[in-house]
Structure formats: C-alpha cells, structure tokens
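Consider the single chain below, provided in structure tokens and representing the form predicted alone.
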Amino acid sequence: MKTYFQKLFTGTKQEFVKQLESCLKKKQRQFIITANPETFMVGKKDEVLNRALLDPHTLVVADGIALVKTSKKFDVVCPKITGVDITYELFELANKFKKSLYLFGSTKEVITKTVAKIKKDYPNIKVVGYCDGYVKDKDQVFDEMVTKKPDVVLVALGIPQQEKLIYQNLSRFQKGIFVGVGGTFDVFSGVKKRAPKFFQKWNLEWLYRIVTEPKRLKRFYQHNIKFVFRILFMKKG
C-alpha cells in the first residue's frame, strides 16, 4: 500500500494540465489512473491493477480527499485531481489543438448524449468513435481504437475493469492519453448531477453521492472505511 502512495502525482494542478498539454502536442502515450481508496484496496487483490499502479510509466493522481489526507502519513503531499476535472481539461485541450477522441463505457443513452454535447460545446474535437459499456467483446472495441489512433481515450467502465482493459491494451498504441473516468459521462451528459459547489468546496462529494445514491453505502464501507482503518494502523516506515 505504501508504494501506491509514493506513486501519487505531487505537482500542482497547473503542472498536471501542462503535462497533459505536452503529451498531446508531442503525441506521446500516457496512462492516467484516477485513484481513490477503492483503487488501492482492489489493487492489493488484483494482479493486473497492481501492476498498472506500480508501472513507472503510469501517472497516478489522487481522485478524492481521502488519499490527499492519508498520503501525508507517508510524507506525500498531493493535490486532489478528479476524473471529472481531468475530462474537462482534456476536452478543452483537445478542442484547442484539434485533437481526436474515442469514448468507451456507460449506457447507450449516456454516451450518445455525451457525444452530442461534445460536438456542441467543443466543435474542434474529432470524435473518431464511441461505444457503450454493455458490448460483450470489449477487446474488440480496443481493436477499433488501434485503427482510429485517437489522441485521447476515455473509458467509463468502473474500477478495476477500465484500468485493466487500458493497461492490457496500452502497448498496442503509439500515442494517446488514456484515462479511466468512472461515472464522468453521467455527469457531463447531464444524466446525473455533480455534487453542488458547497460539497465540492468542503470535499464532501462522497457524502453527496451516498445521500443521493444510498446503495453506495455498502461499497463505501467495504473500501473507504476499511481503507482508513488500514492506514491508521499502518506503520510509517
């Protein structure tokens, strides 16, 4: 677990955005994992996710206040950079530099609305393909991506499936920024509301999600609560 914390991005948000811009301009390949307590907990049990997290070429950011706070125990100071924020930054950059995009995940309704909104709000982005997350052969979707050679790939299949699929296919691409974005398409498309500014300001997005979606409570306990107790009793050295 300690090695995961040591992999967290420790620059500023501005530096992170500059890194995204540099990757797009230079046509480099970059896999970004938006990590939360669930990511780290699952990573200890899942071999592929574990390798993805520890890979020196993977960029791991703290998606949530829990990792930002607990990382300090291991002398790691990192910013909170959410999957939603990364998505919006990538849309802005892709639109600015007229880059291509592939979307994979969520429901047909959500991804269709997401694509329509991108075309309306970011007209310079070339959407070279998209597919909902309920397709049976998910590797075939990556086959199509390889032929389309997108500059940005956003995969919304949830932890750990999105990270594992990206990591297992990453070597097939010469360029592209790849990010697992969870429920971001739901928020961007307007199907679900993002936590109000008050909850965002006070780092209480997790509470808003539990209140609006009580079914998340069990999952929150399984990963977040157990994660906090595990960190509390973990030795620093």
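Quick caveat: nothing in here was measured; it's all calculated off a predicted structure. Numbers follow the displayed sequence, beginning with 1.
Heads up, the form predicted in complex with uridine-5'-diphosphate isn't pictured, but that's what we're talking about next.
This chain appears without its partner; in the predicted bound form, the one residue of 100, 82, 107, 71 with a heavy atom within 4.5 Å of uridine-5'-diphosphate is 107.
With the partner omitted from this view, the residue of 157, 76, 115, 128 that lies near uridine-5'-diphosphate in the predicted bound form is 157 [heavy atom within 4.5 Å]. With a 4.5 Å cutoff on heavy atoms, residue 176 does not count as touching uridine-5'-diphosphate in the predicted bound form; it lies far away. uridine-5'-diphosphate is not drawn, but in the predicted bound form it has no heavy atom within 4.5 Å of residue 205. Interface membership of residue 124, defined by any non-hydrogen atom within 4.5 Å of uridine-5'-diphosphate in the predicted bound form, is ruled out. Looking at residue 64, you'd find every heavy atom of it more than 4.5 angstroms from uridine-5'-diphosphate in the predicted bound form. With uridine-5'-diphosphate left out of view, the stretch that reaches within 4.5 Å of it through heavy atoms in the predicted bound form is, among 48-56, 180-188, 166-174, 195-203, 180-188.
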